[in-house]
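We've got the same protein chain twice here, in two forms, each standing alone as structure tokens: structure 1 and structure 2.
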Structure 1
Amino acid sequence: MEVLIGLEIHEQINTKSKLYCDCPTNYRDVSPNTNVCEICTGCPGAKPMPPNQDALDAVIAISLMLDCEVLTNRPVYIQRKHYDYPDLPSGYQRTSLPIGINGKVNGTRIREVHMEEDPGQYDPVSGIVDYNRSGVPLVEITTEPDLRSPEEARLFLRALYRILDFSGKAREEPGTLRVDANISMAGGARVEIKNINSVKGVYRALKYEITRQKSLLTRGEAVRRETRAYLESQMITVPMRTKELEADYRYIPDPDIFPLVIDSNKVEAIKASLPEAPHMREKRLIQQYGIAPLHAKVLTSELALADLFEAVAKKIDPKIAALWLRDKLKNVLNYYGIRCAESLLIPEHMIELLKLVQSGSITPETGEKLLQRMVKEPVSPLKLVEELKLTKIVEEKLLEEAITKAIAQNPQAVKDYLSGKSEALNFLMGRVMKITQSRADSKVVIQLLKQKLKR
């Protein structure tokens, strides 16, 4: 059965102040209803401040990065979209007419790009509202119904997010994503799923919805046109049963805000200063630094990681830098479950660390351990090495002692090795590394072990 999926994606723009007032945008860092004023809570009589120019420029830049045509030299009205929902303080959301149209990402057509204001946060379970988020600028991106499966939707969203990340205009904190998905199957009506907050959520919501619609259709029942909510906790969709279903938004140009007219010269200027698109950067990294395509792909999965790589590659052999960032750093980030942008690692420290490893002052194993700390606190690895005395053991005597100790403590492994099980040697090496706190050169240890056990 053919499935048509279209997405509507909302992402926050990283301005300092809100779109129509000068309240701060760091709504996550403060207690409920702190970053608010009469404007963003829609108090009677409050008038919007003039729109935040930087938010508009960001939406233009994002439109260009999505290969959209930017609509210039005509009035872009800020429209009032009326609907009744607890998070919406004025009973309408201000949303611009399209700023970009007809774009493309990974073969999926982008229909329109708009500038919007974020509503507040409403928790339907407890019935509470916090307006800290209300008025944060948003870019709204709608696709044509070009996606054919949850998997395609997932791949598209990842590609889209990589672009938004590389635009440098989106908020860096995770979880700012919000997606509404439209899905229709042959023989059924279009269903809209709201409230999806992650790529994984989109995948699961679509999977659930396809199964639900398929079983209705095979039973000969109708798939009704409706709006459903995705319940993350239960991984299901449920009907919203709100009046919003038959919503006629009664759009009118907001009489309190004059229209925006985007100048084509301005678009050219933004285009000229546009950050490099991720796929272009991926290509350039391969050409410029001679690194493996696979490495380049991982390094350009995130803007912060690509920036870190290029900063480090100025001082360190790029191939070594690529290897370390792709393997060791990625491992550490995955372990903590964070993105590179969230880590506290700075290029100078990474360079210091790799220099320590290259000069042989510390072992790669020590380097990896240090990395675990450097991601969480901005500490100089040089200082750490001095403080914790982590330099590589070069004195043969100390190594001898550690090896003797390891052999004495592990008679079974020794026996195994001597009877021909070569993997026992690795086990013994591990014991030596443990005794020396990874400060021994593993290659030297293997050699010494082999010599010792031959006798």
Structure 2
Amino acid sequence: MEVLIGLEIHEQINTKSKLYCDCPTNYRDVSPNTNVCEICTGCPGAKPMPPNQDALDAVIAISLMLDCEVLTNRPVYIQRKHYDYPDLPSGYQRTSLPIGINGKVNGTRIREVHMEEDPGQYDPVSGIVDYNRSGVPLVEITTEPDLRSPEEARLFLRALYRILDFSGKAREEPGTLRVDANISMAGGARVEIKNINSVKGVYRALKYEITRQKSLLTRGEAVRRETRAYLESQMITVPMRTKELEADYRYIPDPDIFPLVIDSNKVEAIKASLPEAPHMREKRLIQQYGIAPLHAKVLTSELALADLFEAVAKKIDPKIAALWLRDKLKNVLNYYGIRCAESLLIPEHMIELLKLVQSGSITPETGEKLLQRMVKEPVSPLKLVEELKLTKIVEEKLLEEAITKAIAQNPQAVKDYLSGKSEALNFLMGRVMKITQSRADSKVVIQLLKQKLKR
């Protein structure tokens, strides 16, 4: 059965103030209902300020990075989208007409990019509403129904996330991305899954929904046009309401806001200030530095990581730099659950570390341990090596002593190795590395172990 999937992606824009008032946007850092005013809480008679210029510039920049045509020198109206929900105090949401159209990401067409305001946060269990988030600027990116599977949707969202990261215009905090997924099968009714807050969630929701709709169609039942919610804890979708049509929202131009007119010269100035798009940078890194395509893809998964690589590659063999950043550094960042931009690692210290490894002053294993500390504090690896006495052990007598100790402490591993279990050798090597605090050369340790065990 043919599957058609289209996505509506909402991401908060990184601005200090809200879209139509001066209230700050740090809604997570303050007590409920404190970052509010008459405008963002929809009080009767309150009039919106002109749209936040930083937010508009950000939407233009994101449109350009999505290869969209930005609509210039013509009126772009701000509309009122009416619906009743506790998190929307005015009874309508302000949303612009398209600012960018006809873009493309990884072969998926972008229908339009526009700007709108975020609603508040409503807890249906307690009935409590926090309006701190109400009025925070959003960019909405709508695709054509070009995606054919949950995997395609996942790959598209990862590519889109890279572009938003490189643009520098989206908020970096987790949980700001929300996706509405529209799916239909075999020409049937379109079902919308609302407010999925992760790429993994989109993948799982689509997998479940495809299975559900296939089951209905196989039994000869019709798929209802409806809006469904994704329950992450159960990985299922459940009915919310009948799917709204555009007429249900009763769109009208907001009479309190003049239409926007985007100047073409302004667009050109924004275009000139944009960083290189991640897919273009990925190709350039492969061509310029001769690194593997897989390395280039990982390095361009984050702007800060790509910048770090290029800074390090000026002083270190690019292939060695790429290997360390892609494997060793990414492992450390994943362990701490942080991104490269959040770490305290600086290019000069990474260069210094790799020079210590290349010169043989320290082992690669010691280098990895130092890296764990360097992402947490901006400390010189050379200084750490001197303070902690982490230089590589080259004295054969010291290695012999560590090997003898490891063998004496692990008789079962010795027995296993001598009986033909080769993996026991790696276990013993690990014991030696622990005894020497990873200061021994693992290749030398393996050779000496084999000789010792043979004797």
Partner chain sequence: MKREEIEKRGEELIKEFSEAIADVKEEVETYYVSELVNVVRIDSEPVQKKDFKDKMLKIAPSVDEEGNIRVEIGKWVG
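Here, a residue number simply tells you its place in the sequence of structure 1, counted from 1. Keep in mind that this is a model prediction, so the values were computed, not measured. Rigid core (definition): largest C-alpha set, two forms, superposition within 1.5 Å.
Visitor: Which structure would you label as the form predicted alone, 1 or 2?
Guide: If we ask which form is the one predicted alone, the answer is structure 2.
Visitor: Evaluate the two-part rigid decomposition between structure 1 and structure 2 and tell whether I5 and Q93 fall together.
Guide: Yes - I5 and Q93 lie in one rigid part, which moves as a whole between structure 1 and structure 2.
Visitor: Treating the chain as two rigid parts, note the angle in degrees by which the smaller turns against the larger between structure 1 and structure 2.
Guide: Between the forms, the smaller part turns 18 degrees against the larger.
Visitor: After superposing on the rigid core, what is the C-alpha displacement of P381 between structure 1 and structure 2, in Å?
Guide: On core superposition, this C-alpha lies 6.2 Å from its counterpart.
Visitor: Would you mind giving the Cα movement of Y417 between structure 1 and structure 2 in Å, after fitting on the rigid core?
Guide: Its C-alpha moves by 8.4 Å once the cores are overlaid.
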